[in-house]
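Shown below, as structure tokens, is a lone chain in the form predicted on its own; questions about how it binds or moves come after it.
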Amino acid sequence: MAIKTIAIIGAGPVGLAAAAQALERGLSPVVLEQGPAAGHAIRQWAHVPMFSPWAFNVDGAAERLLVKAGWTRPDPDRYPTGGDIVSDYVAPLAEKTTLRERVRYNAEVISVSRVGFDKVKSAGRDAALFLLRYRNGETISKLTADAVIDTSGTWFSPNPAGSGGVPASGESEAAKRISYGMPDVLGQARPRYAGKRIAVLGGGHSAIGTLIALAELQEASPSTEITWLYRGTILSKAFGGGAADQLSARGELGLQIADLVERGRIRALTGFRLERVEADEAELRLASDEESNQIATVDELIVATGFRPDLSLLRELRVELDPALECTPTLAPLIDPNIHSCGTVRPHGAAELAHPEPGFYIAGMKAYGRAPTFLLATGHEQVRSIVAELAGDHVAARRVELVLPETGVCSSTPGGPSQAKTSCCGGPAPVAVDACCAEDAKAKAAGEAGCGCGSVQRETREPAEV
């Protein structure tokens, strides 16, 4: 069936890039955005700096539309915040180009299906149009399309605090003292956290960025106490590639957090798998599982344990997902954090993101399922390839038009630029081995101290109350 109309879920940078790519190929995109303005999700983390400079954050087709509208590209070497991405790129793209006629706001998609077909029925299925139902206030509207690209992201589906992927006991009851993601601790949320005892749960970039922001808040409000609740046992694994990371802003995070922990500005509890939250009017008591037997007593908890895709709207589509990551089975081996702790995910597109439902794709952060480390440039490459495939240009769909920087993860010694090395990686350490990388594991197996990349660690257990 020839593709003409494409329904795109989400008016973030990836969704709008998909629409721009579609217009260039003579297709007719319609973008459904659940918020009142483009970039609704990004506006929730407007204060957060991007890891990648502007050079990696602008889609080619989107830029061509913007230039026609008189837009000047920001300095390619400058690092934008989420707010900059919205004001200098997403908002102009949605409001000042021909895309302004293609976006419907306050349109929360609640289901995607085939007209007249549930998931079970097969005969004639591929020829049926897609049917999207979306909510605008109390009104339910419908849209039909030849193809669908879901770029709705994961921001509004944060993971719970419990270590088993489910809420910790008492988590919902303590909701008034718990926030998720990356609250603006230096801005709007400053009064909530200044001078308080704060625990941050998580080990990824969101947790680290929040911890660093809290350390800055601590300088102005010295009574602020910061506790890092880290589920793993080797804290240095969270520090990343440091100076070896070609995205220097991301590498700098690892260097900063290592220094803050080393100097005692941040108290780190490793092996902390949250099991129970007890709240009263004065404080929160956070209890780990019985194996580590730790308790942290704080005023506020920030849960930065990542996000997961909302798949409920896709219930009647034939979507094939990896059982662990909830991304396509083809993409899973490329991004599985159980396998990869070094290197960069290679660019990918329509071939890796295809589902058994012809004409349907998930792109952007949601395409990664529960896996971390997504880069905006990857999303742009995804939708360029997907739209080319939908337009029948299979050669362009399979052509790689993006070169990503190396992450440098586990390619350096945490602790500061002077300690950084680029030759201590050799790949991830074997599973269940107390080492930060392959070279470290090899050295320890030979009776040596190790390669040095795991030199910065904190206590693994603190059984008493904190």
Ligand SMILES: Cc1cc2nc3c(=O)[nH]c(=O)nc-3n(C[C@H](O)[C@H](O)[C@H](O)COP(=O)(O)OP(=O)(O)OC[C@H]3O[C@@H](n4cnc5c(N)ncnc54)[C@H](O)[C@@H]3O)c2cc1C
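Each residue number is its position in the shown sequence, starting from 1. All of these numbers come straight from a predicted model, not from anything done at the bench.
Keep in mind that the form predicted in complex with the ligand is missing from the display, and what follows is about it.
A heavy atom within 4.5 Å of the ligand in the predicted bound form is found for one listed residue only; from Ala397, Val30, Met50, Ala61, this is Met50. A heavy atom within 4.5 Å of the ligand in the predicted bound form is found for exactly one of Glu225, Glu108, Glu262, Glu316: Glu108. Heavy atoms within 4.5 Å of the ligand in the predicted bound form are found in exactly one of 108 to 116, 226 to 234, 352 to 360, 386 to 394, that being 108 to 116. With respect to the ligand in the predicted bound form, the three residues Ala11, Gln34 and Ala41 uniformly fall within 4.5 angstroms at the level of their nearest heavy atom. Contact check for Met365: a non-hydrogen atom falls within 4.5 Å of the ligand in the predicted bound form. A residue is said to contact a partner when one of its heavy atoms sits within 4.5 Å of a partner heavy atom; Phe374 meets this definition for the ligand in the predicted bound form. When the ligand is considered in the predicted bound form, Ser152 lines it closely, a heavy atom lying within 4.5 Å. Looking at Met182, you'd find a heavy atom of it within 4.5 angstroms of the ligand in the predicted bound form.
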